[in-house]
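Each of two forms of one protein chain follows alone as structure tokens, named structure 1 and structure 2.
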Structure 1
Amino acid sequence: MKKTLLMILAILLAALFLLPLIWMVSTSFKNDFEALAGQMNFIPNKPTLDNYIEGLRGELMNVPITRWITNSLFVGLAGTAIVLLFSSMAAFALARLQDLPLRKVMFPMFVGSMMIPGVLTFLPMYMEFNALGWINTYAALILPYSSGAFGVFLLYQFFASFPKEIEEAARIDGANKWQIYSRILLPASVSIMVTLAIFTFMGIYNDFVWPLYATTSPEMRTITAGIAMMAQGSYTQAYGKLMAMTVIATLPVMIVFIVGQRSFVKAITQAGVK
């Protein structure tokens, strides 16, 4: 009886999360008249691909949707690569380099910085990039994501628990610190790195507020900022077109998660076992 109730609860929760997505996909195949009618039908009366065709051709705005998606993918991939590099190097230094000055002080500072709301750093960061003349550039879209403490915290736990015997054996064989980092710890932490990459890419790709204020021209917008501008402009009530663009914007994130799902589950399992 208990298992049956838990199964019913799980199904209800799954439906609660899936219904908005199903409604989004369904609306994307409706024409504007049917979408505005507000009928609770998940199957369009007259399915159409016009919303997707017009969006991909760039007929909805002066700038093609594909440019916004390209910007989002570039910013997400570049930001993720920087985070993986900096976070892994910082975590290695804090976890394995015993002679690092103030090592025991810096790690609590990293963890403590995660408690600071991002909205508090928004205005100072904007003023700094504006003073440097970097607003409306790729630097302004990428660099703010390169200094997060979450990746350092996540990798630190793995590096700190890595067997010291393997590191000592590598030192006896003549490996230096860089070789231990690049040839031993990084290959051993692939699943953790993939998990961090998934979280980072999804966070950067889905970010809305910073790209909206850090870009001033349509050509530099990301897909989230672009769709927001569409929703406030001539397409306020063009729900079919907006939902079609939202579906297209969702696909890269879903593909990234599906590709890295196995490593993601493996990392969570390893963390649970430890």
Structure 2
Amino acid sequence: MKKTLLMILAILLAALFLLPLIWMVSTSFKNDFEALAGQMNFIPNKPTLDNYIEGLRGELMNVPITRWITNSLFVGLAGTAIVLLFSSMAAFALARLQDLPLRKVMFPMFVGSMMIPGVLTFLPMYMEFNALGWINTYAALILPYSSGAFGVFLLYQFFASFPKEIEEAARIDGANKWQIYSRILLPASVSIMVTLAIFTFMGIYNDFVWPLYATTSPEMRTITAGIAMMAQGSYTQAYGKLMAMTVIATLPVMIVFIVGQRSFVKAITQAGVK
């Protein structure tokens, strides 16, 4: 009896969580007229692909959706690559290289920096990029993410627990630091690197406020910033078209999320354990 009640509650809650997402998909196949009619039909009366076709062709309002999604994917992938490289090198040195100067100072400083509220750096970072003439460039959309310390923190724990014997054996065989890093530690940490990659990619791809202000021209927008501009501008209440855009925007990240959920969960519980 109690089990049945819990099951019913769980299903009801699942419906609540999924309903807006299902409604989004359903509306994206309705024309704007039907979308505004206020009916509650999940199966469109006149299903149409027009919202997707017109949206992807960029015919409506000259909004370059494909460009936005390409920007988002590029920025997400490039940012993730940089984070993986920088974090893993730094974490390797901090965890394994005993003669690294200032080692005892740097690590607490990096970990502590995770507590700094983003609002503290937002405006000056904008002014910094502005002074460099880098606003509205890919540099502005990618580089700021490379300073996040989460990757260093996550990989440090992993590298620090790596058995010392293997490394010493390699050193006796004449391997230098770069070889130990690239040929021993990196291949052994594929799974944690994937975890970090998924976490980082989702964070960058979904980031909203920074790309909104760091880009000024339509063709440099990421999809998150672009959708915000559309929702505030001429697309207000063009729900069929808006939802087609949000479905397109959500697909890549939803795939990464569902495929990599196990890894993603691992990353955030690691952060929670701290």
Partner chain sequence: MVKSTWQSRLTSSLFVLPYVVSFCAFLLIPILYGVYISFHNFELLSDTHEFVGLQNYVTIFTPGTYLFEQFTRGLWNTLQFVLYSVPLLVILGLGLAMLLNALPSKLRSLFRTFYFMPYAVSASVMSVIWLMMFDSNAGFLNGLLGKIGVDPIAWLTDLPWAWVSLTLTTLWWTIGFNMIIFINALNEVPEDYYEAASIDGANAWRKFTSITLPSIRPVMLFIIITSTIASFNVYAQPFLLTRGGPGDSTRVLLMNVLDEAFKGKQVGSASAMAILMAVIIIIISAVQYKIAYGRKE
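Note that the structure is predicted; figures quoted are calculated from it, not measured. Here, a residue number simply tells you its place in the sequence of structure 1, counted from 1. The term rigid core refers to the most C-alpha atoms you can superpose between the two forms while keeping them within 1.5 Å.
Note: the form predicted alone is the first of the two, structure 1. Taking the rigid core as reference, the CA displacement of Ile8 between the two structures comes to 5.0 Å. On rigid-core superposition between the two structures, the C-alpha of Phe257 is found to move 3.4 angstrom.
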